Ligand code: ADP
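Single chain ahead, by itself, as structure tokens, in the form predicted alone.
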Amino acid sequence: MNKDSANMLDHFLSHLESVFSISLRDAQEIIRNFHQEMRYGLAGGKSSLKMIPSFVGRPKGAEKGKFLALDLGGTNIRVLAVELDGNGNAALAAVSKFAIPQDVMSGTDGKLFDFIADCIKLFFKENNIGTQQAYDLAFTFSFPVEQSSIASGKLIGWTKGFTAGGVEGEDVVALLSEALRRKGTGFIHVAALANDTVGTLVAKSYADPSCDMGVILGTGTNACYPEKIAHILKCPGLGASGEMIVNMEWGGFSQLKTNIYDHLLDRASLNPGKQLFEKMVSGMYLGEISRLVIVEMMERGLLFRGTSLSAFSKGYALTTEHLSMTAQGTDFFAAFGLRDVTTADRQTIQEICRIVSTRSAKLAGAAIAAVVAWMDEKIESDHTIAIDGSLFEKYPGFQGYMKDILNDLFGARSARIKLELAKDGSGIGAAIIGAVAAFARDGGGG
């Protein structure tokens, strides 16, 4: 590479660093905007944060017994039995996993829920669980739902390739309960409808009372936290005391500083103008943002000179897994038909991946900071943040960048904020939600 080319490359990478940067001032503005949107959302006003009441609070840690959970979030169904010992310990007693056939995902009225009920029956058989007693079951249903109580919610619309008829606009708990009765499993009571993010918070807080936030940082992103019921102004019938977990749906947060690559991605997406925070943070989109940068640099002659653009011409061909490989010191070049890649090009790709993933981590950290500061303005208490998802768990350096922005914002007080991995929240957490609901119903007995 000649001197002029090297200078042009350095200049472009410096420009790239600046348009993806999240400064301390940017993070402080994100916090202010988050608080404004939270306030509007809780009051029922126009807001990019939905702030959906979950109708469940955090567990006390004293809930005890065996509870069932049903997890439907994609092309598989999981049925779990979880044992709670009443001392903050939750153990997975049994689990069965079932693939959902395509004809069931797109079937006619009742077919999907009859299939689910059959899977639950098979779970009891496979794990030799007796059917002589009643069981409470919590239903994790990771699709858009308008929830009206802890055990009722209407499907707003299918996503993830589902088109099953007779479900949209209907109460999914009622549909499941009816199918259980049809299949002779009426001894199972659907005690709660759960969201996977809420499950993550509940699973961690069962053992750790300082846990007051659940976050998903994987293919998608979302968060929840316990809010004072008196502050949920859009639901005046909830009462005036106590707290309730609020599902923020923060992937929709829109008060953000965006750049040309964000605009290109958004315009070409299936939902332009929506889920802006998710498009800048989550694993589904980081590879695509990086691909758009690579394509521009190739067009400018700054990268892979003499190589056809065709390898990078397909949308979403570059994934977050490819970025993660780069961060680990390996590469994805062979998969794109690239051979004899120069040292300069390797270093450039590493820089692009670092710049894009660092922004994601810092945005996630700033959003967590906003919610923690909402709950505890001066960060006077300990806060455990339960986080599930492959970005947080597996992407090299991601956790460190999140902690960096928390330290920039709060200094020494950031040590009171612990970011902890909480795997399988949608399973174990759902069972604990069922326990919380059952204990509330039974007046705290058990």
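In this text, all values refer to a predicted model and were calculated from it rather than measured experimentally. When you see a residue number, it is the position in the sequence shown, counting from 1.
One more form of this protein, predicted in complex with the ligand, exists but is not displayed; see below.
task: Indicate whether the ligand has at least one heavy atom within 4.5 Å of a heavy atom of residue 321 in the predicted complex.
output: Looking in the predicted complex, residue contacts with the ligand include residue 321, since a heavy atom lies within 4.5 Å.
query: Should residue 78 be classed as touching the ligand in the predicted complex when contacts are defined as heavy atoms within 4.5 Å?
result: Yes, residue 78 is a contact residue.
message: Please tell me whether any heavy atom belonging to residue 283 falls inside 4.5 Å of a heavy atom of the ligand, as the geometry stands in the predicted complex.
response: Yes, residue 283 lies within 4.5 Å of the ligand in the predicted complex.
query: Applying a 4.5 Å heavy atom distance criterion, does residue 389 contact the ligand in the predicted complex?
result: Residue 389: contacts the ligand in the predicted complex.
- prompt: Looking at 337-345, 200-208, 68-76, 110-118, which lies within 4.5 angstroms of the ligand in the predicted complex, counting heavy atoms?
  reply: Heavy atoms within 4.5 Å of the ligand in the predicted complex occur in 68-76.
task: Name the single residue among 226, 218, 88, 252 that comes within 4.5 Å of the ligand in the predicted complex, judging by heavy atoms.
output: Contact check passes for 218.
field: The single option of 35, 418, 60, 394 touching the ligand in the predicted complex, heavy atom within 4.5 Å
entry: Exactly one residue meets the criterion: 394.
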